[in-house]
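Next comes just one chain, in structure tokens: the form predicted alone.
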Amino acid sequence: MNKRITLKIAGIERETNDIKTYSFKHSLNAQPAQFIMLTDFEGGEKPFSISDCTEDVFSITVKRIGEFTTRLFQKRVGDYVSIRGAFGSSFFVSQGKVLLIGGGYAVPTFYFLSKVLKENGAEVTLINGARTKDEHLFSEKLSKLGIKVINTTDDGTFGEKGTSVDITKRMLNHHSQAGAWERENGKMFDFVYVSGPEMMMKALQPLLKDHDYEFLFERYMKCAIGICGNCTMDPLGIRLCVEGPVLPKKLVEQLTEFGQYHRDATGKRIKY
């Protein structure tokens, strides 16, 4: 929905020194992986993924990384912002045995997805990765959902030592040695969802060749309605604000820019 709505901040929760969750009382009617466009009336508009959504409340989880989010961090409960949305594609909701692989501040969207998957009868395993304990997100919140959570940090300060890619590799390699049926079938999970830095997703792609999956992409978005073309991906011309941000395996495999480059605010290609 492209209609703009002004909302009061109903709640603010500090997750880490540089990450906060903002809650709003509003019936957004969003689906997992969709996003909103938000302005603070002081300049600019930015996209934010939805980390939770109920019938009358939704939340976004924000990392402080620039001028806009620094201003947002100064807001208090009761202050007003304005939003558009929800926009974009959402995750397919599986009923089978599923694996969620998350990294860094892209993990919170899996809180919303995990709730929906559980309600749909799925058996959920989540790999929740971050560089350090201080940067780890939502570990307690996710565990309270009754799903299997594997916490991991690059430096070993919390959970298992290693990246989300490392843990996925160990898990799938162990499964491939489990028995003849598993080696022939090649599948440990019915479906895999990935949300994290693009180079993490690129490293995971060959590991998931035998599984069906969806990746949640992040690109610079200006309009959220497919007009400006700033978030298109080569060579398909997919607009991540409309056809994405969730893309299925069959489309991900066709993207030549995946893991190679992204674009800045002017549309210029920036190599990873």
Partner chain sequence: MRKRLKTKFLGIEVNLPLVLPAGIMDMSFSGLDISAKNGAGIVTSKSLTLEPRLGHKGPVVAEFESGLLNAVGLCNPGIVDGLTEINQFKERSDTPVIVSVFATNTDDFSKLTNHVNKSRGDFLELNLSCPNVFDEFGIPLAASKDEVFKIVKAVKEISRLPIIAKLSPNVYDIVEIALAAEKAGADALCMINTVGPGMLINTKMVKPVLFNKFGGLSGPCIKPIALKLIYQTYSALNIPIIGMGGVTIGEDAIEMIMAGATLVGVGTAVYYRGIEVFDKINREIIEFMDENNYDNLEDIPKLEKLK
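Numbering follows the first chain given and starts at 1. These numbers were taken from a predicted model, which means no experiment stands behind them.
Quick note: we don't show the form predicted in complex with its partner chain, though the next part is all about it.
- For the candidate set T157, N120, S143, S82, a heavy atom within 4.5 Å of its partner chain in the predicted bound form is found for exactly one residue, namely S82.
- Shown alone, this chain has one stretch from 204-212, 58-66, 25-33, 221-229 that lies within 4.5 Å of its partner chain in the predicted bound form by heavy atoms: 221-229.
- At a distance of at most 4.5 angstroms from its partner chain in the predicted bound form, all three residues T6, D40 and E45 contribute at least one non-hydrogen atom.
- When contacts are judged by a 4.5 Å heavy atom cut-off, M233 counts as touching its partner chain in the predicted bound form.
- Looking at K268, you'd find a heavy atom of it within 4.5 angstroms of its partner chain in the predicted bound form.
- Residue contact with its partner chain in the predicted bound form: R263 places a heavy atom within 4.5 Å of it.
- Heavy atoms closer than or equal to 4.5 Å to its partner chain in the predicted bound form belong, across 49-64, to no residue whatsoever.
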